[in-house]
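Quick setup: one chain, the form predicted on its own, written in structure tokens, and binding and motion questions come after.
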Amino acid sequence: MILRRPFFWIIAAIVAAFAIAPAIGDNIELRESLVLAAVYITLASNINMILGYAGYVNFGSIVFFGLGGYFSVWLMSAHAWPLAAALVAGGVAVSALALVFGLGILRLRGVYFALSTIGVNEGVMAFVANFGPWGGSTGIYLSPALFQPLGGPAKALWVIYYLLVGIMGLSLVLSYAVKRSKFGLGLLAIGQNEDAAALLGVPTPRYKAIVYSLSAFLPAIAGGLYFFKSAYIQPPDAFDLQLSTETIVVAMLGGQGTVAGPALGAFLYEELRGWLLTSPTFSHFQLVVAGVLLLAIVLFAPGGLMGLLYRLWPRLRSFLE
């Protein structure tokens, strides 16, 4: 039972800190900063299941985020669905699509799989940009009236924030539960040596397709919340490959294959990103920094920050996954 393990309560404490910190003094600036951190942690924790556990580099993971945003926003704007129902429906629909995509492209390995995920993202973006019910290239804009059930735009922003923090917490718990399960052991075996895992009886095609679909559900819901908060959605924003690449960077920065690593990397990277974007000197060097970080991790710290912490304090392994 993960409820009996110390790390579960560490996750609970992190979620509580996110929830309480901006509420003290109604700190809107801190809330907006933590919104982005929660989104990054959600995306990094879910991509970690396919990247860190199964060893498949997914450069197009942002397609889940974007499709979830489109499904949810469209259901709310065109069919007057309530927020909760639209989010769940979007998550289920995107997971089903991910399962279909996964059964096809997960037959590929290595660089071929990585390139195919970029192709899926670009293909979906091209389709959405020409799909009339979703607004084509102009996207979908939400009426302010949709925020009234949540108490108006100002209160709705707080509701959305707490929901995003909840999705972040669920992402960490899901990643932890998967890693501690028999299913997670199978994924780790695939990541170490897929052929050997298959010989030992791991149903590799099924496990890969399931984790690919599973890693789509919560990012899709996060996408729905994020674009509902923005009150509009457009193809370039929904399927931004830069964000997808940054998600891989933060997962590797913190330590892929661990649960805490992607969350730590996402939080630190978002804080660094926020500083860079507001700096008059370094505002145009955000992608350069991401590239340098990725190169440094690959060359000098393949285990990421968690790998360094484990080497310095081996006892951390007993309670920090």
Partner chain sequence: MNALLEVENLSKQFGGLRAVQALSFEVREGTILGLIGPNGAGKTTVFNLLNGVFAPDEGQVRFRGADITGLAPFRVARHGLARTNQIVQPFANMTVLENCVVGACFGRENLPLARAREAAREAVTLVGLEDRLDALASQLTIAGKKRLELARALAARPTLLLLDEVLAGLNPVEIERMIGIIRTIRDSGISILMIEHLMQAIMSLSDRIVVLNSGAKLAEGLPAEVAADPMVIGAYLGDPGFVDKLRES
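Positions refer to the first chain, counted from 1. What you see is a predicted model, and the numbers here were worked out from it, not measured in a lab.
Only in words, not in the display: the form predicted together with its partner chain, which the text now covers.
- Partner contact region in the predicted complex: 181 to 189, out of 86 to 94, 181 to 189, 154 to 162, 213 to 221, criterion any non-hydrogen atom within 4.5 Å of its partner chain.
- A heavy atom within 4.5 Å of its partner chain in the predicted complex is found for exactly one of Tyr176, Phe147, Tyr207, Trp81: Tyr207.
- The partner is absent here; in the predicted complex, the one residue of Leu170, Leu142, Leu75, Ala197 having a heavy atom within 4.5 Å of its partner chain is Ala197.
- Contact between Asn193 and its partner chain in the predicted complex is found at the 4.5 Å heavy atom cutoff.
- Its partner chain is not drawn, but in the predicted complex it has a heavy atom within 4.5 Å of Pro203.
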